[in-house]
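As a starting point, one isolated chain is supplied in structure tokens, in the form predicted on its own.
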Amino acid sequence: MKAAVILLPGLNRDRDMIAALTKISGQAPQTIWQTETSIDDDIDLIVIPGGFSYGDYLRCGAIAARMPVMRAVREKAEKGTRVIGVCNGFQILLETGLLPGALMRNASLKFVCREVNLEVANSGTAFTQGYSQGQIIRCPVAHHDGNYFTDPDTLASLEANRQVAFRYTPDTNPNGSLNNIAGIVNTAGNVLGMMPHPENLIEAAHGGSDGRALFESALGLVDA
């Protein structure tokens, strides 16, 4: 599968994401700048990395979501292309409407940068099939606005449809997210948004490789 990484002013995890995808897939992903209006048909996976696009002005991800490239991402997602948004990428996906809900200021009102534990809440998605159901993995977080919130009906729908892909373990929830939600997928199952940074834990040099199976899954490198 061929991957692409979206580039936007203010993102600062693009190099980490490019390095992770290159090491895992064996080929460098294509990079796509904010002003591009189309994405090649042979792209199978689109990744929006973390950072602070446009300085987080207005709302985190609000300006980025209105860039030409995001219209192209939406078109690809609606046709079934896999899309991952990590941290600010998750915020951008919410602002585009590709995923439901909002990410509010952390309950502590402080920027949080540490390692947390995640439970694999649904191992049956295209992004989590390399894990076991209920598996606990380690993953770093680094955000100020990661407190996932949505209305009661949407929350009930997410739970009923098994759209919650990852949860923080209750003792490591860094932001106060409803139901300890750390990552969700859309109803079609081809779009994932998550606050933790799996790209920063894929090899021994990082101190562990718990994030690696997510990319292996998304790239079709594990058995379904």
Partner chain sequence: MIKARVTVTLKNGVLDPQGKAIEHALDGLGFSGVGQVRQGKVFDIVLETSDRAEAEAELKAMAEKLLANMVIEDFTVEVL
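Residue numbers count along the first chain shown, from 1. Quick caveat, the model's predicted, so the values are computed rather than measured.
FYI, the form predicted together with the partner chain isn't displayed, but the following is about it.
The closest non-hydrogen atom of G130 lies beyond 4.5 Å of the partner chain in the model of the complex.
Put simply, N106 is close to the partner chain in the model of the complex: some heavy atom of it is within 4.5 Å.
The shortest heavy atom separation between F111 and the partner chain in the model of the complex exceeds 4.5 Å. Proximity of R167 to the partner chain in the model of the complex falls outside the 4.5 Å heavy atom cutoff. Contact with the partner chain in the model of the complex, judged by any heavy atom within 4.5 Å, is made by just one of L58, A188, A28, A156: L58. Checked against the partner chain in the model of the complex, the residues L98, A102, A72, V116 give one hit for a heavy atom within 4.5 Å, which is A102. In summary, the region of this chain contacting the partner chain in the model of the complex, judged by heavy atoms within 4.5 Å and restricted to 190-198, 37-45, 157-165, 59-67, corresponds to 59-67.
In the model of the complex, just one residue of 133-155 lies within 4.5 Å of the partner chain by at least one heavy atom: F149.
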